[in-house]
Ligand code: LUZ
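Below you will find one chain, with nothing else, as structure tokens; this is the form predicted on its own, and questions on how it binds or moves follow later.
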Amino acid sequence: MRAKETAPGRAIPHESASLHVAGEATYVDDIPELAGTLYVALGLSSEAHARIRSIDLEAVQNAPGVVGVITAADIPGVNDCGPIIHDDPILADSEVQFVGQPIFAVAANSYTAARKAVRLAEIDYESLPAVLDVATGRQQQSFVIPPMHLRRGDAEQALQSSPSRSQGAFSIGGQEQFYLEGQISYVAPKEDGCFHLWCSTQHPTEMQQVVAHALGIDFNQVVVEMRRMGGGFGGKESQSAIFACIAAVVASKLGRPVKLRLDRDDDMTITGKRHGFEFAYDVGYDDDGQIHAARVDMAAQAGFSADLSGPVVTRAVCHFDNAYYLGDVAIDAYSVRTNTQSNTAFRGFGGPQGAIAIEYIIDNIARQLGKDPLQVRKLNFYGRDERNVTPYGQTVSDNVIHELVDELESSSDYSARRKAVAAFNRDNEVLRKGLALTPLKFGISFNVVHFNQAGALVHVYTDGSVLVNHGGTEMGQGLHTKVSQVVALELGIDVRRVRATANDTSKVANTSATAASTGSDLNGKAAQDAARQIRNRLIRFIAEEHGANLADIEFAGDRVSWGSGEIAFDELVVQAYQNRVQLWSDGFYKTPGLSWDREAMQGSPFYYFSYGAAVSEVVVDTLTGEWKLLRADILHDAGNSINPVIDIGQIEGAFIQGMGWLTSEELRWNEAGRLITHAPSTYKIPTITDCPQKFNTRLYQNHNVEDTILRSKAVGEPPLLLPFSVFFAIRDAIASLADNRINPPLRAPATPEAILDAIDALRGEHQ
């Protein structure tokens, strides 16, 4: 690998790829255990909503191998780990609010002993009324936060004057996080009342804070270290807190290292999911299919506490428009309280739920007019100089959706395949094919303005090697790789000379979560700032020591040159050190130009937008509801990609993950409120056989108009909207049974049962 390969656009392997393949990558559970380590299991509620009359833990405490038991009464500080609103107890005290809520924790000499012991508890409950679905919660006006309302123009008047209207409802389920590495925390007591926490988390700073609050100590007494996660997706942004706090409280009480590692069933039973949404809509449009007005009611299943439902639902509201200009708009959004797991961040953070609703509506309009849905989509796209302001007041100034979709339409042979699908369906009664092209526009930045900041440290050692530490966390997405590339490019050295180290709250403080697709944008800029300061010091040193002109000095190929002079980078570093030039620096970055009025729901909450589109072709068995994705074509805007291989991997991974959400991953609770899809045996994520044989993924050649890191664009969350094309291709196949004249009432996920329900409803209406 040569130094020139550090430049943006070069395919640098993931910095831990060889470690992953060899099984040598260290995760929290792989850290060598300290002497005296205890293992924790949790006692969980068996009731959806109840008062705890009494709890007898004597048999638990006397069980073999048990060293200690804690309840809410043992928490020395605050019994709360809610990230925004303080309504999320670490351990339930007098009342439980969902099946699976932790009530007590057992520490034992082995996991087996701890897990056996928790079953010996005797808890007497007084059952209370439980709300288990969004409809009931909405009817009872049970919300975790106040409803949100966004208005532009007079939607009611515009609806009344529209030539045609489309009204209806749409339901979309939630999604289990299902990372390869589940929730885990390992805590070691240190001297002077301090603690070291290794935690699989996307937000080390928040873990530092909630643990300090739970223990009643200062933030500077807690160090959180996180080298890598085996998947994050959002569920480790806030929901790692409860496990970090429980482990810390046990470690504090017993004075020994403590590991809390959930098994898969407990993980799925306790933790929150992607929010499911229920939509009711009324949209006015003209004979061409152009939308004049939209009124939508969206209700999200929040679960028992607020968690991150506020910002999730806000992002859903701000992504209802997707890639389309909507003139007169009225959106009402509700975060409905239910006695189920508290739902949380999940890749896309509400954006996919909001955007799929308008896609469903446009799909309906096209079928009602007898048009190809792609025609109606293109007609409603945001414009350039007009029709370019979002319902929340932000001007769309970087719009490339027209060119991107045109390019994909051509490269995927969309028109010819549309005709071929129609011909296939004319000759086949049982098997039906469907085709769909769907676009995306996704805003990049945190909803909360002050989260859009990052810090970094860069150290240059006297052998010319470089170490970078930043506030982002690595969950497999290649953040450390990209940050290392940025630093290498800034210093003109081979990327192999740069090492990114574990996120550590004692090195970079007050960090934001690695979320909202901002990891590379924020931390890349902060690391670049730190490296640039060192580079500038070296430039000044060269000018003083060698008499070079500042403008002539260049860093490239592991060498520094000026005019007729040249020196190896490592030799320059030694000279600089001997002349007492500072060879380390901190860096900082804050995203410019952001504003957001939470009450009015107006402003410019996003620094820029990412765009993309996908074409999917499916075949559906109308007798069984089974289906197969035959081909997928993706064109995605990653700006000036820092690392195309990593970006394409992220895009394809998001596509398959989103496809699972929309087709096979169904969450089910029984009448008692118990999650019954709590294991791989009952919850179906996509497998390799679900990937299409023809999977064509390309990056759209673009250049971010905003000054992002190397003019790149985020690729973490936006591509999760690409598999909308799969869902609407399935709907297209079903609609062919009625000559594409009737809109199938297909819900998501489009499981075989949902597909058969839609087919039965379609045939009943068609007869």
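Numbers follow the displayed sequence, beginning with 1. All of these numbers come straight from a predicted model, not from anything done at the bench.
As for the form predicted together with the named molecule, it is not shown, yet the points below apply to it.
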item: Close approach of A515 to the named molecule in the predicted bound form, 4.5 Å, heavy atom; value: yes
item: Contact of Y125 with the named molecule in the predicted bound form (heavy atom, 4.5 Å); value: no
item: Contact flag, R315 vs the named molecule in the predicted bound form, heavy atom cut 4.5 Å; value: yes
item: In the predicted bound form, P311 touching the named molecule (heavy atom, 4.5 Å); value: yes
item: One residue of Y382, F446, F279, F104 in contact with the named molecule, assessed in the predicted bound form (non-hydrogen atom, 4.5 angstroms); value: F446
item: Option touching the named molecule, based on a heavy atom within 4.5 Å in the predicted bound form, out of F541, F451, F219, Y325; value: F451
item: In the predicted bound form, segment of 260 to 268, 303 to 311, 557 to 565, 159 to 167 with a heavy atom within 4.5 Å of the named molecule; value: 303 to 311
